[in-house]
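Presented as structure tokens, the chain that follows is alone, the form predicted on its own.
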């Protein structure tokens, strides 16, 4: 399998964490790929018309996107414990936490894009909105730590862990741990997993 990949992308990291957790990482060839909302990668479009990362190309030529689809596919290709639980009592929380983690990554990327614009072109309202969503997300996760601890590892844990690590990568000055002691402790344990250590962000293509 071939994964169109960037060391900067939190969604690519999410896929790679799942690959490591499922023991499939050795079967994936990572291809460094540059994408931009302003300058779409036309070479990627035959595999993904959206020209976005991550995109997984299977051996038979089938392409999969986005991270949710790729992660669930990978979860069908191993014999270990499922990251997408089959029991709805565990599956619903896992999917909900995945949605929250993915959403945090989405608005963090939007905020990062604003930060890279010339100062006179930045949208202050977008940045303020992203910070408000972040505060609400962190509060919800702080309250959810007992539930996160109570359930086996799932795609929800992976998405939340990757979202928090992306905050450390791009917005460390915000100090998201302040006022969120339980979440900070949970993340410290999650970030020490071999799958996370093997997929750390690097600010380079």
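Please read all numbers here as calculations on a predicted model, not as lab measurements. Numbering follows the first chain given and starts at 1.
Heads up, the form predicted together with a small molecule isn't pictured, but that's what we're talking about next.
Asker: Where, among 48-56, 169-177, 133-141, 151-159, do residues come within 4.5 Å of the small molecule in the predicted bound form by heavy atom distance?
Answerer: Answer to the contact question: 48-56.
Asker: Check residue 35 for me: does it contact the small molecule in the predicted bound form (non-hydrogen atoms, 4.5 angstroms)?
Answerer: Output for residue 35 is yes: heavy atoms within 4.5 Å of the small molecule.
Asker: With the partner left out here, check for me: in the predicted bound form, does some heavy atom of residue 9 sit within 4.5 Å of the small molecule?
Answerer: Although the small molecule is absent here, residue 9 would touch it in the predicted bound form, with heavy atoms inside 4.5 Å.
Asker: So in the predicted bound form, does any heavy atom of residue 95 sit within 4.5 Å of the small molecule?
Answerer: Residue 95: no contact with the small molecule in the predicted bound form.
Asker: Any of the heavy atoms of residue 109 lying within 4.5 Å of the small molecule in the predicted bound form?
Answerer: Residue 109: yes, in contact with the small molecule in the predicted bound form.
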